[in-house]
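This document opens with one chain alone, in structure tokens, the form predicted alone.
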Amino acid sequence: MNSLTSERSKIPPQKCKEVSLDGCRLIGRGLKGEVYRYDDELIIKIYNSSYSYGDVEREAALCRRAFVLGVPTAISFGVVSVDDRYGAMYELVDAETLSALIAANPSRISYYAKEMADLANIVHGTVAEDKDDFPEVKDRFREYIINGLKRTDSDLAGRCMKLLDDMPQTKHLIHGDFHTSNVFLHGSETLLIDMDRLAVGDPVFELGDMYLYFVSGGSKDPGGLDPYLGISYAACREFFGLFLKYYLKTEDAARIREVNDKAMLMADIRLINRYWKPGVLTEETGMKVDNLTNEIKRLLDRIKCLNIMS
């Protein structure tokens, strides 16, 4: 068992400082919890009730490990409790999430996309050592294929699994939940939080997660707000397009489309897994899965390998 994973069993509430969020400003929201501005100097990430004390401690340990490797990350200096939930406290003076900044300053979306792309290149350019014992990110996507796509189309799942298996091994660091509500602009410095899915692998998996966050919801009303990021779906799509160009450091449309196709494939695989999570498909989710399956077939006509980094 990984030494960090074993910490999940620790539940010592006596070590937790109890805090109240009365009057605190919500500055970010995700599937795992919310981020609040506690005061002028502190923010708190509060996790959903399914997260234990050990889960939050584990993330703090991963933050420290990433920081030592050179990743710009805010370091948690304590676990706190809010009612029946646990959270991590960070010192971030005069810092705002990129989501909040984009919502407040939509004309600067290109600048924020460049900042996030530069941060992604720092993270993905960091190579972990064997002793760091980070999980392989592609193992997570294997599970998505097995639990979702394979239940829909076993032949298609086999083709996707082969692409995964053919990928070269790499130790490039992957954040695992890389979106604008987990990135703070602190002066001129970008800082990451929420490190519990830190892994190693090719950045295509990170871009696939980002495609899911920023693009897959784009079929909804473009003017509607993404409930987690707090910015419009139209802005989300624009942000990802700008991010990809800056991240790849190219204006080459063919190269951008190639990487975009691979990110779309990863997002489709993850979405199909999400629709299968209840165990059965409804008429509505069944139609969505059929559409995604057909899209994957079209993408595989163009995609010959998954990796984007040698």
Ligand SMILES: Nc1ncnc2c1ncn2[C@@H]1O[C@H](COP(=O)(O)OP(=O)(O)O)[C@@H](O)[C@H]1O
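All residue numbers are counted from 1 along the displayed sequence. Remember, predicted model here, so these are calculated numbers, not experimental data. Here the rigid core means the biggest group of C-alpha atoms that line up within 1.5 Å when the two forms are laid on top of each other.
Just so it is clear, the following notes concern the form predicted together with the named molecule, a form of the same protein that is not shown.
When the named molecule is considered in the predicted complex, A254 lies well away from it, no heavy atom lying within 4.5 Å. Put simply, L164 is far from the named molecule in the predicted complex: not one heavy atom of it is within 4.5 Å. At least one heavy atom of T97 is located within 4.5 Å of the named molecule in the predicted complex. For the chain shown alone, Y90 is a contact residue for the named molecule in the predicted complex, at least one non-hydrogen atom being within 4.5 angstroms.
Here the chain stands by itself, but in the predicted complex one stretch of 274 to 282, 258 to 266, 64 to 72, 37 to 45, 37 to 45, has heavy atoms within 4.5 Å of the named molecule.
Between the named molecule and the residues F134, Y228, Y112, F240, the one pair within 4.5 Å by heavy atoms in the predicted complex involves Y228. The single contact residue among L149, L198, I102, I193, judged by any heavy atom lying within 4.5 Å of the named molecule in the predicted complex, is I193. In the predicted complex, the named molecule lies within 4.5 angstroms of at least one heavy atom of each of the following residues of 164 to 195: S181, N182, F184, I193, D194, in sequence order.
Core-superposed comparison between the shown form and the other one: the CA of K45 exceeds or equals a 2 Å shift. In the core-superposed comparison between the shown form and the other one, S181 has its Cα shifted by less than 2 Å.
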